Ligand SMILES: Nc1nc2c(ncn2[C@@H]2O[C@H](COP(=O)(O)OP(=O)(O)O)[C@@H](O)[C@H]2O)c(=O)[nH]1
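First, one chain by itself: the form predicted on its own, in structure tokens.
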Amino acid sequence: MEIGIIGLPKSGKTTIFNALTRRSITTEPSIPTKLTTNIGIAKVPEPRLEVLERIFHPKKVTSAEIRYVDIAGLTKGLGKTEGIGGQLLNYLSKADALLHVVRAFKDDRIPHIEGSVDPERDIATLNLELIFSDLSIIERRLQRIQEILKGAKPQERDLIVKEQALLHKVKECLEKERPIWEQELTPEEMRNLANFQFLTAKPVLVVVNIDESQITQCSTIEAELCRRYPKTHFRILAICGKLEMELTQLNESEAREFRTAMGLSEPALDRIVRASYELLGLVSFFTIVSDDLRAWAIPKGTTALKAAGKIHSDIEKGFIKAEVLSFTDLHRCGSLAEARRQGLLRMEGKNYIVEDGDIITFLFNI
């Protein structure tokens, strides 16, 4: 999973990036003059791995990972005046979701580029930049379609005209400032748009960057903004990026003690990952092979065959069966031998839909 971190200058993007990836990239406030990126990996917090480790005693434990790309260079007016393109568009297009950092903290030493702090205004501003980018792509494609239609064969025209109609439909909504994730499109229409990698079709996680004095207001801040954006592809979290970044420099027990004192129930990474999984509709399954216990993230509704391919294409090609045991059953039994004795392991075929928490051994022949 790859998530692109975006936001207006001086919103604290790199601070949030450091908190998520335990990096120490400089966070000196500046307005970027060119595209720069920071790339980091975060291990997905998974308490069930600890339980499985106690049961199986593997030599190696591998968590699922999220790749975060901190992108500087997205400024107000860029999408409309210059168009989001080149390497910047490439980074954003490849992302599975966008993490939009919005400033809510006040600091006279770091003046807001608009002169005042207003999270709702900043959300709308960056949404517009993404809309402008998608409109630019659509307009170029519609011009190209006009040229293609002139020489199209009769059997090709229907598909081209259908694409043209869909793009006009989407364009009309974008011009009314409605991102694609907010438009009422059918699953087939969304599939037909997938190759364009439109930015406003991507799920968005808004991280409202607050200061320590606002921590007790987290729930209120989130609730107020959620009422404004009650959408399935949109999530809002309020997090003190500066504090979370500082806590990553402490050991786990010290950080936990400090969070308790501050009234924080869990690390920012845990909250952000959980929200990201919900946005992207992901579930986790586990494998234990050659003393390597590993967690895997897949879209909800994935078949056993496709889950096998997540591990290796050869396993998918040679798939025979999947031996499946639920985490809940194993945890209750306390051992694989007891789960087997109770007949809780079952053999599933390639069309089995993998459930969150499944422990799977794939049988294959290559």
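Residue indices: 1-based, along the sequence shown. Note that this is a predicted model, so its numbers are computed, not measured.
Below, we refer to the form predicted together with the named molecule, which is not included among the displayed structures.
- Note on contacts: among 287, 127, 209, 284, the single residue with a heavy atom within 4.5 Å of the named molecule in the predicted bound form is 209.
- Of the listed positions (182, 120, 107, 96), a single one reaches within 4.5 angstroms of the named molecule by any non-hydrogen atom in the predicted bound form, namely 107.
- For residue 346, no non-hydrogen atom is located within 4.5 Å of the named molecule in the predicted bound form, even though that partner is not displayed.
- Contact annotation for residue 22: none of its heavy atoms lies within 4.5 Å of the named molecule in the predicted bound form.
- The closest heavy atom approach of residue 242 to the named molecule in the predicted bound form falls within 4.5 Å.
- The named molecule in the predicted bound form comes within 4.5 Å of a heavy atom belonging to residue 10.
- Partner contact region in the predicted bound form: 233-241, out of 144-152, 289-297, 233-241, 165-173, criterion any non-hydrogen atom within 4.5 Å of the named molecule.
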